[in-house]
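The chain that follows stands alone, in the form predicted on its own, written as structure tokens.
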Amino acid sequence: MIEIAELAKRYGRRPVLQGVDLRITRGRITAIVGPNGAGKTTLIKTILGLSRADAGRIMLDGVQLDGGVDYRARIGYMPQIARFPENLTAAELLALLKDLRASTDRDRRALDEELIDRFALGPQLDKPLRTLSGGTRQKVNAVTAFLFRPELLVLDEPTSGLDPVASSVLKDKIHAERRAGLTVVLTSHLMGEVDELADDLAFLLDGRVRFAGALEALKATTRQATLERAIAKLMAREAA
């Protein structure tokens, strides 16, 4: 679905992405992992069109992204910390998003509001967003990501702030949508979560992809039973 070739990005004199090559396969969950400062956030922002690369290209279904914004209608995005208009209620926020998307929703498919019920958000919808707890705001964040039935879902630390029940609900939803054909890109510092969710993994270090492939292939290559130990082994090799 997404092919990234020779992607490069600098902030001032500091290189953040250095010739990134990566393929994200349709209908699979790809995790982008790495230590702080590896370039994960910049890579995600570049895919979303929130940051422009200095060099390289990103292809979406064979079409190169050239700065246009139409393709974003195909993407659902759940940032780690959502910035909502504090004066709106959750219901007003959802209504606003529906109004904004009404003219761009290509086939007017039914909205996906399943998580409202699964999270038992009903009693919270008429409360101002500024009064909601961090966990409840994260639930609203998840609802907005799935709302328009995207073809590509980008999740940045999706379970951050969620209690175990809500976290399980969200993971079940991700798995269900993946089985239905949704393509997912996620970042997480929780290797257990990545192990539970992802099919494929891209490991970034110093702005370069040091591994890209199936999770099980990484475990086999490093001869480790868990993803956390496999990543640790990979980092040790790169540092040697």
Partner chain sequence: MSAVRAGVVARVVRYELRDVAKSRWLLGYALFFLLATDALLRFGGGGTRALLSITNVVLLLVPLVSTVFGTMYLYDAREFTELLLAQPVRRDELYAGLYLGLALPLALGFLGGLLVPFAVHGVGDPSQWRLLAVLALTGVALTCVFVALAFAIALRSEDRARGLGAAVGVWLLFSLLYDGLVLLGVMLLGDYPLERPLIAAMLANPIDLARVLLIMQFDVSALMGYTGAVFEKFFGNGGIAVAIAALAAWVAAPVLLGARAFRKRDF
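Treat the numbers as computed from the prediction; the structure is a model and nothing was measured. Numbering follows the first chain given and starts at 1.
Below, we turn to the form predicted together with the partner chain, even though it does not appear here.
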| item | value |
| --- | --- |
| Contact stretch among 32-40, 190-198, 51-59, 211-219 - heavy atom within 4.5 Å of the partner chain in the predicted bound form | 51-59 |
| Listed residue that, although the partner chain is not shown, lies within 4.5 Å of it in the predicted bound form (heavy atoms), from A120, L88, L111, L125 | L88 |
| Option touching the partner chain, based on a heavy atom within 4.5 Å in the predicted bound form, out of L93, L132, L152, I116 | L93 |
| Close approach of P79 to the partner chain in the predicted bound form, 4.5 Å, heavy atom | yes |
| Partner contact for A180 in the predicted bound form: the partner chain, 4.5 angstroms, heavy atom | no |
| Residue contact check: L100 to the partner chain in the predicted bound form, 4.5 Å heavy atom | yes |
| The partner chain contact at A176 in the predicted bound form, heavy atom, 4.5 Å | no |
| Contact check for K45, V69 and F84 against the partner chain in the predicted bound form, heavy atom at 4.5 Å | yes |
